[in-house]
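Listed next as structure tokens is one chain, alone, in the form predicted on its own.
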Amino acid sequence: MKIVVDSVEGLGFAPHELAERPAEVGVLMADAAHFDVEYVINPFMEGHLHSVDRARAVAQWQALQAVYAGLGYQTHTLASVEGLPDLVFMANQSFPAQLPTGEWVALMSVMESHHRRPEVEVVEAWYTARGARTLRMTKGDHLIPFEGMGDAHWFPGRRLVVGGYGFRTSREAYDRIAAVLDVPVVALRLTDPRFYHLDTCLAPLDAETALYVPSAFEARGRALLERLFPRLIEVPLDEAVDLLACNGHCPDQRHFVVQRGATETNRRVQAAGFDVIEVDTGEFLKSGGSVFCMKLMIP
């Protein structure tokens, strides 16, 4: 099924009717040795130039990697590169997938900021060295703006992509993803510049449940989310903005890993039956990233 749906009227399927998708077994993270705020390309970076405590950032990064290892995931580390401070946000440079044939492929990002474009080559080399086929986000000679898993999420357990567009990623990107991966895509237009990536305003927990920030979506997007996830949990706006609570991550449909201090979000997640694991990503918040941004789930 190679379709892109952007309204309830076009949603001719339920997620549970789609083919199952194998769970990821690995986590890729780029070390934080060169992380800093060296430029301003999002609202969170304002006022934080060259303010990162590098030792603290490295310790926070190590603690997050240990959480994934403790949950049973095989962890992989990509060496940082001087001059690429945001390489550490591994969700952004690519979208890895397995085709229906089982082949491992990665759609490589076309980053909006020129500061971040060299990161894509570094990540592509990592894939190539491990036998994955990399694909370009192009239509003829035209590059299609796309920022990887910052905007494109797999629906838990199914061959369905939920994608955000409007700030860093083009709506056209999802036509390419649907065609290449042979999957349906639900496309959601983002409307608030504070939530410029989908991973800042939507966090799927399992096939029934997701966290979201309602004001980040237009009405038809909210209607689509209500159809996809019978149990939508609203994240308080202050926790979504100040603590990036929607940038938490539920890798196994049981544990929710999130920046510490998001008290009301965590209460609601626990009330829904999930275990909360709080971590400190305070240094990375200065650059507009937290848990989900800092890792890439891989087959």
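Computed from a prediction, not measured in an experiment: that's the story for all the values here. The first residue of the shown sequence is 1; numbering continues from there.
Omitted from view is the form predicted together with ligand ARG, to which the following refers.
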Notebook entry, point to check: Among the candidate residues Gly150, Pro156, Gly221, Gly163, which is the single one with a non-hydrogen atom no more than 4.5 Å from ligand ARG in the predicted bound form?
Noted result: Gly150
Next item on the list: Work out which of Ala57, Val67, Ile41, Val241 lies within 4.5 Å of ligand ARG in the predicted bound form, going by heavy atoms.
Entry: Ile41
Checklist line | 4.5 Å heavy atom contact, Tyr196 and ligand ARG in the predicted bound form | finding: yes
Next item on the list: Evaluate Thr200 for contact with ligand ARG in the predicted bound form, applying a 4.5 angstroms cut-off between non-hydrogen atoms, and reply yes or no.
Entry: yes
Next item on the list: Please check if Leu296 has a heavy atom lying within 4.5 Å of any heavy atom of ligand ARG in the predicted bound form.
Entry: no
Margin query: Is Thr281 near ligand ARG? Define near as a heavy atom within 4.5 Å, in the predicted bound form.
Written below: no
Item checked: Which of 6 to 14, 20 to 28, 272 to 280, 286 to 294 lines the interface with ligand ARG in the predicted bound form (heavy atom within 4.5 Å) -> 286 to 294
Check: Counting only heavy atoms and a 4.5 Å cut-off, does ligand ARG in the predicted bound form sit next to every one of Lys2, Ser94 and Arg171?
Finding: no
Checklist line | Those residues of 232 to 262 which, in the predicted bound form, come within 4.5 Å of ligand ARG by heavy atom | finding: Asn247
